[in-house]
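Presented below, as structure tokens, is a lone chain in the form predicted alone.
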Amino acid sequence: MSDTYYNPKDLKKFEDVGEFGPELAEKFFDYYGAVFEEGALSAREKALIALAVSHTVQCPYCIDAYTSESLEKGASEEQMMEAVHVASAIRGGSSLVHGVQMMNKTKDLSM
């Protein structure tokens, strides 16, 4: 039993999700691999984006994986933290902008 709900050792079992549905898992992992190939964005840039998104979706496995990946691809600690702050700003801003919806509804109800 783990001391936490998310057992870091389970990250290594990610590819095992195909055990109960190999066809879809194969398609997913083919796509996943293709997404992270060098392209218009470098592997380092993609790792930093993945790290930021990992924080936004609050996936501990992803945070562990893309912290390691970012370091392996040459990202600095400062770049990684900046990516996390960008994700935090977007997440906070997306919550705050929904205040406009509340304001619109309030005005509609007040009329």
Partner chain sequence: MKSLKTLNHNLSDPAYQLHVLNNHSESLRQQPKFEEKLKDINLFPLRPTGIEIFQVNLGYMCNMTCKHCHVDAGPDRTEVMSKETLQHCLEALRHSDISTVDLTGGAPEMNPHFRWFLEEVSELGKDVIVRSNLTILTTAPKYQALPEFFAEHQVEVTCSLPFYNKSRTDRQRGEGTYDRSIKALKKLNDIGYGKEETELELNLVYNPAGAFLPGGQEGLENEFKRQLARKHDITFNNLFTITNLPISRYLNFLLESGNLDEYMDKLITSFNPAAAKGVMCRNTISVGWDGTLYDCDFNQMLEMPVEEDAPRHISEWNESELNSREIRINQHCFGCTAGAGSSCGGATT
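Worth saying up front: this structure is predicted, and the values here are computed from it rather than measured. Positions refer to the first chain, counted from 1.
Missing here is the form predicted together with the partner chain; even so, the following discussion is about that form.
**Q** Only one of Leu71, Leu41, Val53, Val86 comes within 4.5 Å of the partner chain in the model of the complex by heavy atoms, so just point that one out.
**A** Looking at Leu71, Leu41, Val53, Val86 one by one, just Leu71 meets the 4.5 Å heavy-atom criterion.
**Q** May I ask you to state whether Glu78 is within 4.5 Å of the partner chain in the model of the complex, using heavy atom distances?
**A** Yes, Glu78 is a contact residue.
**Q** Does any heavy atom of His98 come within 4.5 Å of a heavy atom of the partner chain in the model of the complex?
**A** No, His98 stays farther than 4.5 Å from the partner chain in the model of the complex.
**Q** Does any heavy atom of Lys13 come within 4.5 Å of a heavy atom of the partner chain in the model of the complex?
**A** Answer no; every heavy atom of Lys13 is more than 4.5 Å from the partner chain in the model of the complex.
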